[in-house]
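Single chain ahead, by itself, as structure tokens, in the form predicted alone.
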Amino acid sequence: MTDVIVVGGGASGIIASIIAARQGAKVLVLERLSRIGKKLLVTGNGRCNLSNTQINLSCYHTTSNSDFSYPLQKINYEMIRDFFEELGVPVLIEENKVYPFSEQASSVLEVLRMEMNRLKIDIQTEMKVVDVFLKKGLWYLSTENGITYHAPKVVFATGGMANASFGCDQTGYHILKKLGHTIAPMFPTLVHVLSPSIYCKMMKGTKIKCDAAAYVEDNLIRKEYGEVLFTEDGLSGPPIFQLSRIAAKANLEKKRGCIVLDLMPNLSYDEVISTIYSRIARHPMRTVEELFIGWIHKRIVVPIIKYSKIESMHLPAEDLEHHHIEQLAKTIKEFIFETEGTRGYKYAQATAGGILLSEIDLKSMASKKAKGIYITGEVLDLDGDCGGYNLQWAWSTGYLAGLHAAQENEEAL
């Protein structure tokens, strides 16, 4: 008889199955797609950002008041690094981000599959679980194609809503809600931010390194630095992804949000004014538009001038009044883009919200609502920043769930 069924063949489900099998449990993995680990293949732009050497709890977000530190501290980065090195995957570290030395996500999935094969873990693909019920101490799982499986312990590693092409949908949430769990409001995160600003379309395809700050109701929430990409309908790029949770949450709560770009973070407001005056002194006959060429990305110059409400781009620079120069400097230091939430789950890397952590024993990942049920990874109400944080959460929670699901007394650690 199967001892542990793992529902979901993503990162947390795979490691849960391996750890449970290493404890001697007979394990079955049910995956709704044609193969396991598909989402893992695209993480880190195909390089697989396995983890981060600095797992700072401030890089995680949840609506729950629960202390979520235990999984991340008990099954920490060092343990996960050792786990993969034992499987034959040494790590490569870039600015605290951890990648496989091969820089191929496919190699990570291959060694995991080899270990699953070695442990004789039964993998059943194209098996979407649609219902679960308890009978005489066993959990019965009904699949969409009419097959029913049963085991005393079940690990739900069904993932979030992000990117449905990798098997993510609401099924896991519906089943866990039926078992008594509460779902915190969900929204996409690590995703492109939408803005109605006409300047986004004007600068479409342009990238610029700058400071990006997220505000909600005029309150600064978070600031990031990096390469911002302007698109037809908003803003993208690494710093925007980090701020997207704030924009999405503000939209969900019907609060006014905006992202403010500082296009010259290395200069103060007064230094920008001084630089403009210096350029005018050198080239008084250049037009306002020409004044910025060579200093600021050409495709951003016209939007800056228009946003600053300068009457004409062809005005000689020497004719600029002081208040014009102040307006230009203010725009360069505070180019404001109102936000209207984000693109949907199809484009998101992660899901915010989910099963409340207060309903989980975070030392074992066991459900407090249904004995014998364990819940891991993105389906839980916790999401991390870019940089390997979400995969570390998947590894940590999956490891604990697999370890404890295979134990009769749940005293493995």
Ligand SMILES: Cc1cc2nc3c(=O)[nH]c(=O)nc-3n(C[C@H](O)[C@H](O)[C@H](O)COP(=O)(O)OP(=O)(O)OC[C@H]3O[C@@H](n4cnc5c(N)ncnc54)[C@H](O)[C@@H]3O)c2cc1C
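Given the structure is predicted, the values throughout are model-derived calculations rather than measurements. In this text, residue numbers run from 1 along the sequence as written.
There is also a form predicted together with the ligand; it is not shown, and the following applies to it.
Undergrad: Give a yes/no on whether residue 370 approaches the ligand to within 4.5 Å in the predicted bound form, heavy atoms considered.
TA: It does not: once the ligand is placed as it appears in the predicted bound form, residue 370 has no heavy atom within 4.5 Å of it.
Undergrad: Taking heavy atoms and a 4.5 Å cut-off, does residue 349 contact the ligand in the predicted bound form?
TA: Yes - in the predicted bound form, heavy atoms of residue 349 and the ligand come within 4.5 Å of each other.
Undergrad: Any of the heavy atoms of residue 389 lying within 4.5 Å of the ligand in the predicted bound form?
TA: Answer yes; at least one heavy atom of residue 389 falls within 4.5 Å of the ligand in the predicted bound form.
Undergrad: Give a yes/no on whether residue 344 approaches the ligand to within 4.5 Å in the predicted bound form, heavy atoms considered.
TA: Outside the cut-off, so no.
Undergrad: If the cut-off is 4.5 angstroms on heavy atoms, which of these, 76, 163, 287, 275, is the one near the ligand in the predicted bound form?
TA: Going through each option in turn, the one that passes is 163.
Undergrad: Please name which of the stretches 126-134, 317-325, 221-229, 331-339 has residues with heavy atoms lying within 4.5 Å of the ligand in the predicted bound form.
TA: Going through the listed ranges, the match is 126-134.
Undergrad: Under the 4.5 Å heavy atom criterion, name the residues of 2-22 that approach the ligand in the predicted bound form, in sequence order.
TA: If the 4.5 Å heavy-atom criterion is applied to the ligand in the predicted bound form, 2-22 yields 7, 8, 9, 10, 11, 12, 13.
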